[in-house]
Structure formats: C-alpha cells, structure tokens
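Quick setup: one chain, the form predicted on its own, written in structure tokens, and binding and motion questions come after.
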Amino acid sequence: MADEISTLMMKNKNKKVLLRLRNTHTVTGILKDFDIHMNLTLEDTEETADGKTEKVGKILLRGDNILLISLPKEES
C-alpha cells in the first residue's frame, strides 16, 4: 500500500493539490516534495479559513495535520 501511495504522489509532483487540514482549514498549492510521513512541501500556496483566502507562498506541511488530499484528475 505504501508503494502505491508513493507512486501516486510521485505522479502528481508539480501539480496543484487540495488539502483539508485537522484545523478545518483548506490549503491548495503546487506539490513539490513529500516523504514517508506525508510531510509535504508546497509552492504558490493559498490557505482558506472562515471564507477568507490568504496567499502564504512556499510551505512545509507536517503530515499528521492532513485529513484529506485531493489530487488532480488524470488526463486521458
């Protein structure tokens, strides 16, 4: 299972992903890197909370704060 997740994440590097966090915030950004703990590096990141969107730039997001990752649709 871990290999499948790693492969899926590798296929989506440099693509825009949407993340739902434990604190109910939503983050969108370009996936640049990740590790086995699902710590993610994102660029051009925007955080949405309480209906307000704020640009936060490049971030490192700790994996245990992530509830959900939405990857882009695969192109046919």
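Since the model is a prediction, treat every value here as computed from it, not as a measurement. The first residue of the sequence shown is number 1, and the count goes up from there.
FYI, the form predicted together with another copy of the chain isn't displayed, but the following is about it.
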Is there a non-hydrogen atom of K16 within 4.5 angstroms of a non-hydrogen atom of another copy of the chain in the predicted complex? no
Tell me, yes or no, whether I30 is in contact with another copy of the chain in the predicted complex, where a contact means a heavy atom of each within 4.5 Å. no
R22: heavy atom within 4.5 Å of another copy of the chain in the predicted complex? yes
